[in-house]
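Just one chain follows, in the form predicted on its own, and it is written as structure tokens.
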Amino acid sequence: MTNRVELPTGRLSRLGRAVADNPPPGPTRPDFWRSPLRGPWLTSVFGSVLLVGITLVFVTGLLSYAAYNPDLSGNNKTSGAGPLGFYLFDWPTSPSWFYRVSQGVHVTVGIVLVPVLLAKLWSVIPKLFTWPPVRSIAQALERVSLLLLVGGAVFTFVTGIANVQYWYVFPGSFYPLHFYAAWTFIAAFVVHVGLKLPTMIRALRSGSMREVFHTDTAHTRPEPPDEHGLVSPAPTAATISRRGALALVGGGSALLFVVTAGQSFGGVLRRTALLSPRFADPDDGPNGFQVNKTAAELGLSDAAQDPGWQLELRGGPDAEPVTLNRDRLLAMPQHTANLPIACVEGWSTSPQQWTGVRLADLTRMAGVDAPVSVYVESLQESGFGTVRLRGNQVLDPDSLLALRVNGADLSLDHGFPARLIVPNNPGVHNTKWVRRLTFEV
């Protein structure tokens, strides 16, 4: 039999208080954090910017997901989205520039928010080392929500920026990782805002932005002690003023805007988008605008130049397939549309002049008057070599099987012998090197 030593309840309580009142040396001790700038007001300023910015990024992210028509068979790169796709709708073709703008906002604002996010994390970092780690069930749940909030934010921003840079180091596909991380983060974000919004409003009202802008480093003082433990109990003398800290963060965001936004604006501003892999035109001439992947990279140079290439059209179950070579396509009525290419990475081209055969004309040739969708197959067999577009996209008068661009034949890299160009469509769904169109009813 083992002898057990039972401590009185009162002694256990005293022991718990002793542990709580004597944190180990290091960041668990409040006086470890000595910056006189930390406090509810500064944290709330950063938080209010993130509240607006993250909401904008999330909404445009939802639009980006909807633009891929993920409810059409074969389009969803995020299997099992289920109820998270509750808002999906038939993606429109008008205005033709909408995806370009919304995705440009999504990527640019996300990158611009990085200094603000880092500043916000810096301002609350003492809270991550609160001692003891768990005081109650309620506090434990709050810390779990903070873990999801901080972890979700870091993971979502990192994967998004890595995707913009074509740096695929994720442990899996970018699409589901970014998708589920974003939903995890936004759920924790909504809970956090719900809990902290009254505190944030009170904190913002406690200080004056005008007063901060008129206070230099020598006159910068700590905020009054707060119940949340953000204000240091042993602050050092300020080495930068609060206006200096705000200017530093704002300047970082402004710099990121300058070296990022040009990829969406296009024109001469593209040359300022130094953080974009697509900041420079590949060459001069009618085909001298950005491409995502070249024919050579995909091993399609020979297949795309095969003189025996034919486009196959398939329609209803009783309709015979129709095959058309490029000369026959060029002999059909040609139409022109001025449309940009906009990609999920945030870069886009200026509107280019595309010329080719309307998809609506090809639909009727295949024996279908009102298709529900079209299944597009490319010479490219991997990645987005196949895609489905909705009927409204097929029938838009500016939706073309393009054969020429800016008055010249398509180059290999831009999809020769034929490619899709559809208004307000993600670039990757404007399939290049098309070999078959199946119009579905």
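As the structure is a prediction and not an experimental result, all values here were calculated from the model. Numbering starts at 1 and runs along the sequence shown.
Just so you know, the form predicted in complex with a small molecule exists too; it's not on screen, but the next bit is about it.
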Checklist entry - Pick from P36, G385, G391, P70: which has a non-hydrogen atom within 4.5 Å of the small molecule in the predicted bound form? => result G385
Checklist entry - Which pick from N292, N163, T78, T199 sits with a heavy atom within 4.5 Å of the small molecule in the predicted bound form? => result N292
Checklist outcome for this item: Counting only non-hydrogen atoms, the one stretch of 406-414, 27-35, 392-400, 48-56 within 4.5 angstroms of the small molecule in the predicted bound form is 406-414
Next on the checklist: in the predicted bound form, is there a heavy atom of the small molecule that lies within 4.5 Å of any heavy atom of V112, even though the partner is absent here?
Outcome noted: no
Checklist entry - Looking in the predicted bound form, any heavy atom of P423 within 4.5 Å of the small molecule? => result no
Next on the checklist: Is S44 part of the interface with the small molecule in the predicted bound form - any heavy atom within 4.5 Å?
Outcome noted: no
Checklist entry - Does any heavy atom of Q380 come within 4.5 Å of a heavy atom of the small molecule in the predicted bound form? => result yes
